[in-house]
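In structure tokens, one chain follows: the form predicted alone.
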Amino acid sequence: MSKILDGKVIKMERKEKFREAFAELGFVSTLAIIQIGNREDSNSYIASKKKFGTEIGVKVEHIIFPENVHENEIIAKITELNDDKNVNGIIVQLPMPVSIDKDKVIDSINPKKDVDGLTSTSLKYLYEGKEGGFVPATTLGILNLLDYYKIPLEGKKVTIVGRSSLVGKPTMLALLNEDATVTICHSKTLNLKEHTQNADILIVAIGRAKFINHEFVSSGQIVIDVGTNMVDGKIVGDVDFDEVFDIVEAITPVPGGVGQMTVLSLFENVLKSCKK
């Protein structure tokens, strides 16, 4: 039987430490979340961030724009937040409408307040393996999860399924910086099962419900499921949890795994920003 890598347990365990750390700052820190449109999944993610922020004493300012907003209006608001000394972190909830230049909007965030780690400045630090920027929250969450459960990365074969700029690519860079040997797969990869079966650690972030079944895994693997998909009113991952559970050594649940760690790691970046 597999071990469950429970992100919710870690989040609850560290909540009090975060509350104490933010209290010691001597001021109330503020995270600004910009949302464009009214996607149900975005609403859910933001609600969890606001809830955790309240629990640890961080003010979360939620700014909502209509879906047809012009990007210049968003950038003007970000500029205002950049100049506000009371705001310690700024994120733009993704995805955003395709009509908006995502990179232009993200790069308007002051890198010192880029707690989602998505500006080109933060990604350059990650690419070069240097301190100074912020690691994207989901990637940092994966690293923190593996560290908590004492799963080593040095010399390990890691296969990532999914090459998105939000998860796949930054996670690849972060793992290379930890001396793992990384293979990144995608929709055009040939012999995908061969790549996934040969991994010591398998990370899946493709947005396809229960795509990874027993045929893609092998015994002794660590499986990190980043996917969140709605099926028949339930949230499920990209991995068929029930099919692989008795095969692999350890696996993250969905919900309750990487999503919890992403929220925790976002506020770790906020704390880092405050201390800077």
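Quick note: we count residues from 1 along the sequence shown, nothing fancier. For clarity, every value in this text was computed on a predicted model and none was experimentally measured.
Another form exists, predicted in complex with a small molecule; not displayed. Remarks below refer to it.
- Out of the listed residues 65, 245, 211, 52, 211 is the one that sits within 4.5 Å of the small molecule in the model of the complex by at least one heavy atom.
- Screening 202, 145, 205, 91 for any heavy atom within 4.5 Å of the small molecule in the model of the complex leaves a single hit, 205.
- Using a 4.5 angstroms limit between non-hydrogen atoms, residue 122 is distant from the small molecule in the model of the complex.
- Using a 4.5 Å cutoff between non-hydrogen atoms, residue 163 counts as a contact of the small molecule in the model of the complex.
- In the model of the complex, none of the heavy atoms of residue 42 sits within 4.5 Å of a heavy atom of the small molecule.
- At least one heavy atom of residue 187 is located within 4.5 Å of the small molecule in the model of the complex.
- Residues of just one listed stretch (220-228, 22-30, 52-60, 65-73) have heavy atoms within 4.5 Å of the small molecule in the model of the complex: 220-228.
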